[in-house]
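Below you will find one chain, with nothing else, as structure tokens; this is the form predicted on its own, and questions on how it binds or moves follow later.
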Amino acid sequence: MDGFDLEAHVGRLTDQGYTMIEDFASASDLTEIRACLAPHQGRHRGRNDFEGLDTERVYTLVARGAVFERLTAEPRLMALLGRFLQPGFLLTASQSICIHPGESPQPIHTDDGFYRIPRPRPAISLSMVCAVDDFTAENGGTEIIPGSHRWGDPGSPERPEDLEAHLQPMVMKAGTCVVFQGTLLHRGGANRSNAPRLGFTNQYCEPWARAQENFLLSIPPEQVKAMSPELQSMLGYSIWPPFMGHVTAAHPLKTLETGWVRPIERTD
């Protein structure tokens, strides 16, 4: 974390709702990301305007390669998230997003809007989006509305009617990531270029909140065993005190032990 000004990032994330880490992923990371994604590309295009009919997504990305494990628990990111989320926060979503030429812009939205608690309020989740290709104003780079994390619900006096007029493109070199509050209004932009735009996103939520992706079911336990304790915790193999997340009154990490048998299947 040498040279990482945590307080400056905390200040920007607090005041504007977002901050950027310019050297988040290295050139070798980006090469590894492309190699890991290559077998999965071309399988899943979106089913609606939100997912993007000309957008490819690879879900459960954290389990698709060692590079994603490393970057999901990247130390600078963890330190930054720890200033806004309570200890034991969870990974709630992990996916790559490849926006193809001709894709229309996403609807403007927030990433924790499904937590139906009136605004204004503290964010229940935070998101990061990492550019694998350069993000530009033309190729579908993320667009945000700075300061919108402080606004109330639709109809609040501080919330303008013409949201699009307040959007700002996140122009980022490959390897840069933007971190933003789950209450910040944003969208994936339209791709008006002649090439696809690849990035990936991880989202993290409070330890008491329900995660979007059910990693306990989607990632094989044998694979989870080989992951770091920090990542195991973020995937849900953890307890929010005093006992939220228990497995028949036991800690969920016990389910990764060799020979573990579900209590309801025991015969002794």
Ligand SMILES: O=C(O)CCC(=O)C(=O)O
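Each residue number is its position in the shown sequence, starting from 1. This structure is a prediction, so every number in the text was calculated from the model and none was measured.
Same protein, other form: the form predicted together with the named molecule, not shown, and the subject of what follows.
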(message) When the contact criterion is heavy atoms within 4.5 Å, does residue 109 count as touching the named molecule in the predicted bound form?
(response) yes
(request) Spell out, yes or no, whether the shortest heavy atom distance between residue 179 and the named molecule in the predicted bound form is within 4.5 Å. (result) no
(message) Using a 4.5 angstroms cut-off on non-hydrogen atoms, would residue 131 count as touching the named molecule in the predicted bound form?
(response) no
(message) At 4.5 Å between heavy atoms, is residue 100 in contact with the named molecule in the predicted bound form?
(response) no
(message) Which is the contacting stretch out of 179 to 187, 153 to 161, 118 to 126, 74 to 82, given heavy atoms within 4.5 Å of the named molecule in the predicted bound form?
(response) 179 to 187
(message) Quick check on this chain: which one of 148, 191, 92, 142 has a heavy atom within 4.5 Å of the named molecule in the predicted bound form?
(response) 142
(message) the named molecule is absent from this chain, but in the predicted bound form, do 50, 57 and 197 each have a non-hydrogen atom within 4.5 Å of it?
(response) yes
